[in-house]
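Starting off, we have a lone chain in the form predicted alone, written out as structure tokens.
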């Protein structure tokens, strides 16, 4: 994970490194993802999310581009 001070800083880094914009999110969204992802981790019945459940968490946060797709497109 890389953190940037703003969109321009991120765009400059991507340009110099030749990296696509895929997979970017705000710090707020990253925090919300962590809260949703790890909320039940200490529960006795915890189990790893299915691919569908993981994609549902991403979708809840608006993370819907191809980068966040875990299953092949149908």
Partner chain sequence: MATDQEIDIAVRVELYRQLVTTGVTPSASDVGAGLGLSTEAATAAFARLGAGRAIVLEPGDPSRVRMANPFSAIPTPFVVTAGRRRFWGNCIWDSLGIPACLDVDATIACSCGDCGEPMTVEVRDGRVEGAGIIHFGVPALHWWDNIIDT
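Definition used throughout: the rigid core is the maximal C-alpha set that superposes within 1.5 Å between two forms. Not measured: the values here are computed from a predicted model. Numbering follows the first chain given and starts at 1.
Missing here is the form predicted in complex with the partner chain; even so, the following discussion is about that form.
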**Report entry** Contact label in the predicted complex: residue 62 to the partner chain, heavy atom within 4.5 Å
**Finding:** no
Query raised in the report: Do residue 12 and the partner chain come within 4.5 Å of each other in the predicted complex, heavy atoms counted?
Result: yes
**Report entry** in the predicted complex, residue 22 touching the partner chain (heavy atom, 4.5 Å)
**Finding:** yes
Query raised in the report: Looking at the partner chain in the predicted complex, which residues in 55 to 71 have at least one heavy atom within 4.5 Å of it?
Result: 58, 67, 68, 69, 70, 71
Report task. Determine whether the C-alpha of residue 63 shifts by 2 Å or more between the shown form and the other one once the rigid core is superposed. Result -> no
Requested in this report: Superpose on the rigid core, then tell me if the C-alpha of residue 11 is displaced by 2 angstroms or more between the shown form and the other one.
Outcome: yes
